[in-house]
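Okay, so here's just one chain, in structure tokens, the form predicted alone.
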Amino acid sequence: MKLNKDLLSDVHERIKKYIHNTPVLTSQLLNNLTRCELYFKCENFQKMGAFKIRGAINALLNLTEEELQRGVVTHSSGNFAQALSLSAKLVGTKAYIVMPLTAPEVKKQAVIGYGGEITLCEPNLKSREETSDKIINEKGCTFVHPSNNINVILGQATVAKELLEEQPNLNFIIVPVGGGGLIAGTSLAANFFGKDCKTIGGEPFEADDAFRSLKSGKIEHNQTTNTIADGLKTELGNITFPIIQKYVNSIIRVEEDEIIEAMKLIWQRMKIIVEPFSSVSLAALIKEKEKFKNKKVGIILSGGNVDLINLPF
């Protein structure tokens, strides 16, 4: 598959009827605070509350009829679980979802509401993969990885493509980094549709595998995942990492209190709901704001599926 501008445009056209073209918001107060022009692409207003439906629906639309008849399976702590469940419902197939026991209750209920069938597992990658493999063997369904899947990555690229269509002169786009699907897709869109637009990642110190992977030149693993940003506890894969190596400019690491403060700013000043992982992008910008002074910066916000009983502030 040749990655180019035409391919991304074809993907966008294919999934348009299944997604929202989400709004881009601004905040003069946050512009003054950061001394740059900020443009927030609000994927928290996306169907199921996150950008992940873009990649999920694109992945399903690339399956054969026979594969769709047998259903699909994924493992996810929440947002991709919801995205695949809703996408499966939209195309008329069955979604089997492996979720850790620790996944937020609000996300479990959303998966059930979209028709996904949940199997719970221990909160570690080994248990997720073993449980998924068991379902594949029993049901004959197709595994759709939440990030390390080229069709998922291309779907996620449409977020930045839409942002650049509205704000074509951005100097930077800042993205939270978990499994790498969004930042890989964003970096492709910035490269093909931007005008010297750089892609920057934001990542918690408590789950900084991507930062260390870029430094070492090979995929590193998390030593800890003790972060409030539950959507960023996953790791890079063999498909996301080469794209990130080639197209991502740098990754900025942030502390837990910096994530919480950025989340509070977005809630209080922009009057919108975002999850902790989504706030990592703004936290990264604030941490190194001199780097972005007087620049036009796009920030991708995603994840409006907040457990209101367990707010960090």
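Note that the coordinates shown come from a computational prediction; the quantities given were computed from them, not determined experimentally. Numbers for residues come from their place in the sequence shown, where the first is 1.
Form predicted together with another copy of the chain: not shown, discussed below.
- Put simply, P276 is far from another copy of the chain in the model of the complex: not one heavy atom of it is within 4.5 Å.
- Shown alone here, W267 lies within 4.5 Å of another copy of the chain in the model of the complex, counting heavy atoms only.
- Within this chain, N305 lines the site of another copy of the chain in the model of the complex, having a heavy atom no more than 4.5 Å away.
- Taking the partner from the other structure, another copy of the chain in the model of the complex has no heavy atom within 4.5 Å of any heavy atom of L7.
- Of the candidates I272, I244, L63, I252, I272 is the one whose heavy atoms come within 4.5 Å of another copy of the chain in the model of the complex; the others do not.
- With the partner omitted here, the stretch from 55 to 63, 284 to 292, 244 to 252, 42 to 50 that lies within 4.5 Å of another copy of the chain by heavy atoms in the model of the complex is 42 to 50.
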